[in-house]
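This document starts with one chain, in the form predicted on its own, laid out as structure tokens.
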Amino acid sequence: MPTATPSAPSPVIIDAVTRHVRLDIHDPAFYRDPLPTYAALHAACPTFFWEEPGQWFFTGYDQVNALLRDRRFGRQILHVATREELGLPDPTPHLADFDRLEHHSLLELEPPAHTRLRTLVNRAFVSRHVEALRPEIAALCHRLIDGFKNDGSVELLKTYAEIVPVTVIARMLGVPLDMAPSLLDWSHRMVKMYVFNPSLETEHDANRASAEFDAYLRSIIAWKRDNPADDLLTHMITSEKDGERLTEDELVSTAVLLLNAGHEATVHQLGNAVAAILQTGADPAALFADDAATERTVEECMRYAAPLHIFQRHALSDIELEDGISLKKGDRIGLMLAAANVDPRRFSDPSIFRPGRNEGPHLSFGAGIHFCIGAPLARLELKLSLPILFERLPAMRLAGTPVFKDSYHFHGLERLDLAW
């Protein structure tokens, strides 16, 4: 019978011999602070079969890093097998709009389709183009802080952490800024699908959000065709590779992905970073003393308090892994990015927030062909929004215990109340 590992917290039950694990993602002791559970998994079985979702998961840094790059695995499976062959059910009609957006999503595609789409989009996210946004992002941060500085308190997510990234990505794409509330609403409803076993209500709502998002973007794209501008949507509409352009469905799906990914993870990362800095008692003056210190702090925040904890992949054929795990074609595996970031075999004292460490890169942006295309933009937003916030509000402190969402895949706060 499985028994609780002595060092493990109550949420996890580990059988180290069979490498089977029972863990309820909705247990507050887990989703509020996964690090103790990750420490128990690293100690007992870094690779394990998670019984609730029914698949193998990997927490070791080296293995996660390698599997992210392993071309025997992919985000898609139906490009190499049929539903009948894999025993998969037919698509459900109530998710038709959501599935249509996912079908052409850059995040879900494999080469050659992925290579073609990424090449057409990538130019907008190279460092020199992103760096040109620095004055605009800094001005936005100061303007938002001006709006609540004299209040003596603030809920940071709604007033700052959400607004910075959604404003920037909307500006890059050429979407009117007054649509930001709708963009946030559609995105929040759609990303609830990326958890284990979403409810039927969540599925219906995500599909409605997908349909609304799709219809809006098609209207904007139609307008952009007649009114081109210096923005990413126009770039995607007009760009060619080997004589090919993005189809209408590809344009919509790519815009949805960039809008969702362009702010969803950064919102969580910004909130998580502020909470981590304040909870650990780190000195902001030292953390953001200069550009080098700021960069180290941002990277440590992404390692220690990552927003995305799991990245799923499919086995594209029958595979035997070195550690005795047999996978059938179509099997899914879970790569635990945030757990890899606290692997004691890679990072010393991994559960300690230590911006001075120099122990190699984290995996919060992934690796391989699906490495986050928006990484330069996310890094710049954090390197500006964090130091500006702490510089403008030097007496800032937590006004209550940070409350994390019951949404394991995306580790982020419900709210972050601050006072000064």
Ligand code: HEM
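Keep in mind that what you see is a predicted model, and the values were worked out from it rather than measured. Just count from 1 along the sequence shown to find any residue number.
Beyond what is shown, the protein has a form predicted together with the named molecule; the following relates to that form.
Which of 324 to 332, 310 to 318, 153 to 161, 216 to 224 sits within 4.5 Å of the named molecule in the predicted complex, heavy atom basis:
In the other structure, the partner sits against 310 to 318.
Contacting member of Ala39, Leu386, Ile373, Leu67, with respect to the named molecule in the predicted complex [4.5 Å, heavy atom]:
The residue from Ala39, Leu386, Ile373, Leu67 that makes the contact is Ile373.
Going by heavy atom distances of 4.5 angstroms or less, which of Leu337, Val252, Val342, Ala124 would be at the interface with the named molecule in the predicted complex?
Looking at the other structure, the residue within range turns out to be Leu337.
Using heavy atoms and a 4.5 Å limit, would one call Thr266 a contact residue for the named molecule in the predicted complex?
Thr266: contacts the named molecule in the predicted complex.
Does the named molecule get within 4.5 angstroms of any non-hydrogen atom of Gly366 in the predicted complex?
Gly366: yes, in contact with the named molecule in the predicted complex.
Using the partner position in the predicted complex, report whether Arg118 sits within 4.5 Å of the named molecule, counting heavy atoms only.
Answer yes; at least one heavy atom of Arg118 falls within 4.5 Å of the named molecule in the predicted complex.
Looking in the predicted complex, any heavy atom of Arg296 within 4.5 Å of the named molecule?
Outside the cut-off, so no.
Suppose contact means a heavy atom within 4.5 Å; in the predicted complex, does that hold for all of Ala261, Met302 and Leu377 with the named molecule?
Yes: Ala261, Met302 and Leu377 each sit within 4.5 Å of the named molecule in the predicted complex.
At a 4.5 angstroms cut-off on non-hydrogen atoms, which residues of 157 to 174 are near the named molecule in the predicted complex? List them in order.
Result: Ile169 alone.
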